[in-house]
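In the form predicted on its own, a lone chain appears below as structure tokens.
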Amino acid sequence: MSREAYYQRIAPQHMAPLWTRLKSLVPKEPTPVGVAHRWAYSELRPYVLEAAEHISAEEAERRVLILENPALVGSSQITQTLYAGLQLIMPGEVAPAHRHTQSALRFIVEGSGAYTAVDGEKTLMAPGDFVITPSWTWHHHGHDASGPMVWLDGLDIPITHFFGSTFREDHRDEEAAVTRPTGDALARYGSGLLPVGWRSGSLNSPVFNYPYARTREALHALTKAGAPDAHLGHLMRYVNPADGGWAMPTMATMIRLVPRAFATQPYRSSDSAVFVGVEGTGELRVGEQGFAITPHDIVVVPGWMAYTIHADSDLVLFSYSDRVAQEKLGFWREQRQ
């Protein structure tokens, strides 16, 4: 009796032979999902601003243009595990309050005077700030100043979808109550001090706005302390001051400086990453592809694709990836070439 006939007989029982699929289910090394791609902010910006002509922040709930990986069309994914989009809020608008199980980060691209209110505290946002919206916390956005405000949204939507753990709830009011003064979280938890007796009830950092002014100062101080890492440049991670771990439980957030005229050695890791240009100019090379980077440009590098970074001037890059989730599950791996 032939094997094929046997396979056909077991199929109605919803069974299949592992030996015909083993190498694809458990490959020798990861097969990257998606492709490396660059979004030039100068090309995106007109479309982002035009969105305000078509829909209000209130009607849209979140007026965002999704950045979708060209190889994952229709998925609303920038990588297999991550979501990204550019959000716009105009003066006088409020993006209404809601909460959801997905964790979200905001990396501010341009503008001033807009705010986000998270879990009872409001914070003003400025370019280069990294802002956390933890899972299942009430949050809304508003803009009391002038000019457009744009930021990059990063969420773990594909991860929560995979686990079937997506929940959301709309607030009964347009704005959730603000119960703590502006700057309270940073003052309490972000100065190398913690209130005596305080215990964290969250997997996220209690600091939810990491101002770029502080980050930049720390980053540039590294250049006086020694040479950059050959593969990574001067790379730092945003930290949870409560335990020294990552700032978020599912997305690893990092900031790096690659000095002028420095080129990193080839590097790859199993986490998929989204890079955002903050200051300076340079190029991120993935295989035979070269992606120019200027401020606000966005580049995605799927996991296990080797890349190098070449700085024309002092180049600062923000990035987020699924590394922290992989580390907690024991999956994460890197390779320095």
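Fair warning: this is a prediction, and the values are worked out from it, not measured in the lab. Residue numbers here begin at 1 and follow the sequence given.
From this point on, the text means the form predicted in complex with a small molecule, which you will not see here.
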- Query: Where does the small molecule sit in the predicted bound form: which of 153-161, 259-267, 72-80, 121-129, heavy atoms within 4.5 Å?
  - Reply: 153-161
- Task: Consider residue 309 of the chain shown here, and say whether it contacts the small molecule in the predicted bound form, taking contact as heavy atoms within 4.5 Å.
- Result: no
- Could you confirm whether residue 273 comes within 4.5 Å of the small molecule in the predicted bound form, counting heavy atoms only? no
- Though only this chain appears here, would residue 98 touch the small molecule in the predicted bound form if you measure heavy atom gaps against 4.5 Å? yes
- Query: Might residue 106 be said to contact the small molecule in the predicted bound form, defining contact as any heavy atom within 4.5 Å?
  - Reply: yes
- Query: 286, 57, 64, 278: which sits within 4.5 Å of the small molecule in the predicted bound form by any heavy atom?
  - Reply: 64
- Task: Identify, from the list 205, 253, 209, 87, the residue with a heavy atom within 4.5 Å of the small molecule in the predicted bound form.
- Result: 87
